[in-house]
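Let's start with one chain on its own, the form predicted alone, as C-alpha cells.
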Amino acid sequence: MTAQSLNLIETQNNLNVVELSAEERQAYRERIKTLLKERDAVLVAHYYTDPEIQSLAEETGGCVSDSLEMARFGRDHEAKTLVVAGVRFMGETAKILSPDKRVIMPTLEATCSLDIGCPEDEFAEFRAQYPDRTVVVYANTSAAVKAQADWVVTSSIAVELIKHLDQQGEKILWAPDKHLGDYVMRASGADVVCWDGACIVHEEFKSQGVVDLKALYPDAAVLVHPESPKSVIALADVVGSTSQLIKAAQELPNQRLIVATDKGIFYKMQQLVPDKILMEAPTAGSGAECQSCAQCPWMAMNGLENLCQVLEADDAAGQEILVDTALAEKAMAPLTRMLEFGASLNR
C-alpha cells in the first residue's frame, strides 16, 4: 500500500462526519445565505464538493465549476471576500489572482495528493535536471511550485497548450500528475518528461472493473478523467476535464453513463441530464486499495458547519488564505498565461 493511500485512509478515518438532520441542514443553509450578504462574500465551489455546498453556491449567485473557471470567477467578481470550497491550492490560486480580496476556506486542512506529493524543494531539484525544458505544472500544486513554472495548466486546456508549445519546438517538463502527463504526451506527440505523482482518487479506477460493468451494460458510454490510469483511459468514449465530461454527458445519446472521476460531479450532471442513469466507475477489485475511492476525502471536508463557522468568525477562525507577496508575484506570471491561453480557446 502506498504512502498516499495510507494518508487517504487516515484522512477518511479522521473526518468523523456527523450526519445533520434536515432541520439542521436548512438552518445552516439560511444562516450561510445571510452571512454571505453581510460579509460581502461569494461562494466559489468545485464540482467535487458535497451537493449541499454546490447548491448553496448556485442559490447565492456564486460559482460551481472546475478549477479554471473558479480562478476566473473569483478574479472577476466584485465581492470583497471569496469563500473557496475545494482544496487548498484553489484558495491559494484565488488569493494570487485577487490579492486585494480576502480569501477564506471552510478548512485549510483540505489538501490534494498531487500537491503534497510535489514538495517545492524536491521539485526544484527535479527541475534543475532539465534546464532546457519549458516547465508546465498542473493547477493542483502549491503556490511555491507554481512560482517555479513557466506555465500553469488545468486539465481542460492541457492538450491544447502542450500542442501549442510543441509546435514552437519546446520540450516539456510536466508535473505533478503522471497519468495526465502521459495522456497529454500521447495526445500531442510532444517531448514530455513527467514528475511521478498521481491523484489518489483517479488512480484507483480499475480497467477490469470498467470492462465488467460495460459487459453488463454494453450500451453505456464510458467517461474518464485523464488523471486516471492509461488502461482506464483506453476504455473511454470520452476523456476530459470535469467541465468537458459534464458537456459530454449532455451531448452523448447514451442513456447510461459510466463515469470515472469523483462522484461529486454527479450533482451537476444529474441536473443537466435528469433522465440519464449515472454510474460510478469501479475502484474495487484486483489491485484496489479501497472498496470505494470515487470521492476525494479532502473535498469532503467542506461542510455546512465549517462553512458557517468561517463566515461567522471575525478572524475567519484561522481559515484565511495568505500567500507571501514575493511568491505570489512569481506565481502570477504562469497563472496569467494560463488564463490568457484559456481565453483564447474560449474555455
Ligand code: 13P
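Numbers for residues come from their place in the sequence shown, where the first is 1. This structure is a prediction, so every number in the text was calculated from the model and none was measured.
Another form, the form predicted together with the named molecule, is not on view; read the next lines as being about it.
Novice: Does the named molecule come within 4.5 Å of any heavy atom of Tyr138 in the predicted complex?
Specialist: Result yes; Tyr138 sits at the interface with the named molecule in the predicted complex.
Novice: Is Ser98 close enough to touch the named molecule in the predicted complex, meaning at least one heavy atom pair within 4.5 Å?
Specialist: No, Ser98 stays farther than 4.5 Å from the named molecule in the predicted complex.
Novice: Test of understanding: in the predicted complex, would Gln54 fall inside 4.5 Å of the named molecule by heavy atoms?
Specialist: No.
Novice: Test of understanding: in the predicted complex, would Phe89 fall inside 4.5 Å of the named molecule by heavy atoms?
Specialist: Heavy-atom contact with the named molecule at 4.5 Å: present for Phe89.
Novice: Within 4.5 Å of the named molecule in the predicted complex, counting heavy atoms only, one of 274-282, 25-33, 304-312, 43-51 shows up; tell me which.
Specialist: In the other structure, the partner sits against 43-51.
Novice: If the cut-off is 4.5 angstroms on heavy atoms, which of these, Ser241, Gln148, Ser207, Thr107, is the one near the named molecule in the predicted complex?
Specialist: Here the answer is residue option Ser241.
Novice: Would you mind checking 220-239 for residues with a heavy atom within 4.5 Å of the named molecule in the predicted complex?
Specialist: Contacts from 220-239: His225, Glu227.
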